[in-house]
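Next up: a single chain in structure tokens, the form predicted alone.
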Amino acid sequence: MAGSRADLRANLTGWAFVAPALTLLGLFMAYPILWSLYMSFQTGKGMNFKFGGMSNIYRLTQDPVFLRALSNTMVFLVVQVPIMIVLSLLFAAALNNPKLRGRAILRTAIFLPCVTSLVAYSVLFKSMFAIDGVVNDSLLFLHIISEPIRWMIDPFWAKVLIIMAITWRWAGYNMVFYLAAMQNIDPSIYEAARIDGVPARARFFKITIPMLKPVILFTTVLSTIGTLQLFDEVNTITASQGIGGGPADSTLTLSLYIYNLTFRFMPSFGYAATVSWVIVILVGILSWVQFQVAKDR
């Protein structure tokens, strides 16, 4: 009897310790999630909404702006994430070489962009890639182009600019994970491969990459989530007259569209919540696919 009372007291004490954290999680995470799910079935403008059933879901299929935002987001995801992952791996492999001089400076230089302000670096990119910016001036001086590239006016080059900006900022972030994982690989494995005559390229693809698979999966999932939530860059770099996502919605993303539906256009909270759940579903599906592809066979 005394033992059961002691166990009960210990359980109550444990719950008392975690209760404040659980309360905050419920208040600031669980409740907003459930409320957004409830709102996704509401229709109307502003706070004048009513239950609309599946009407918001039907509206998604008929909304050309949503379809454009979805296609733009998927383009950024399919193109930018693989490029960034490959660059991060190459940077990590190069900076893991103990014979490379100035490794500490190079690591800092590559990692530094990811700790800069999102808005600050977006404004910097917008200035550098302007019609009369330093990038066009340099390309003209080197005779690589014959006329300035309209980076923020042409739909194709606007997408390229966003992809370059995201890659520049986040490649160093992923590089740190790969570099840490590479330094934890037993050097005797590489030494044995060298003795067996395995060339450096084969060692990278047959030893390094397989042993980094859990870290590659982790960074790929994080990068996928981040790209699906892409907002700051397109809202700042391609902004025209205070409206981002241009030109002609060619860089509009799902997150920016949610912002427009909520704050820039006539507020449609129910439809904005429905679009936000599209991101949740995409994150879940793509993460599951990546886990299935990367799992051990």
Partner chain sequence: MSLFSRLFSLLTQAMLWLAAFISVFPFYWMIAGATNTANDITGGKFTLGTNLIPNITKFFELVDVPLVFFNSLVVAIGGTVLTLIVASLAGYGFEMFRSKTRDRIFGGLLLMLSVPFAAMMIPLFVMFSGVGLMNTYFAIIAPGIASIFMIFYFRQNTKAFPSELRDAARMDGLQEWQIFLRIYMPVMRSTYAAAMIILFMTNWNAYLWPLIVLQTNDMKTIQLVVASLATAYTPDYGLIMVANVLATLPTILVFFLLQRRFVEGMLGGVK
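So that the term is clear: the rigid core is the largest set of C-alpha atoms that superpose within 1.5 Å between two forms. Residue numbers count along the first chain shown, from 1. Fair warning: this is a prediction, and the values are worked out from it, not measured in the lab.
Keep in mind that the form predicted in complex with the partner chain is missing from the display, and what follows is about it.
Exactly one listed residue, out of Ala94, Val78, Ile83, Ile144, brings a non-hydrogen atom to within 4.5 Å of the partner chain in the predicted complex: Ala94. Proximity to the partner chain in the predicted complex, taken as heavy atoms within 4.5 Å, picks out 228-236 from the listed stretches 228-236, 50-58, 66-74, 245-253. Contact annotation for Phe17: at least one heavy atom lies within 4.5 Å of the partner chain in the predicted complex. The partner chain in the predicted complex comes within 4.5 Å of a heavy atom belonging to Val176. Remark: Phe265 does not count among the residues lining the partner chain in the predicted complex, judged by a heavy atom distance of 4.5 Å or less. Put simply, Met128 is close to the partner chain in the predicted complex: some heavy atom of it is within 4.5 Å. Using a 4.5 Å cut-off on any heavy atom, the residues of 263-285 that reach the partner chain in the predicted complex are, in sequence order, Phe263, Phe269, Ala272, Ala273, Ser276, Ile279, Val280, Val283.
With the core held fixed, Leu12 shows a CA shift of 2 Å or greater between this form and the one not shown.
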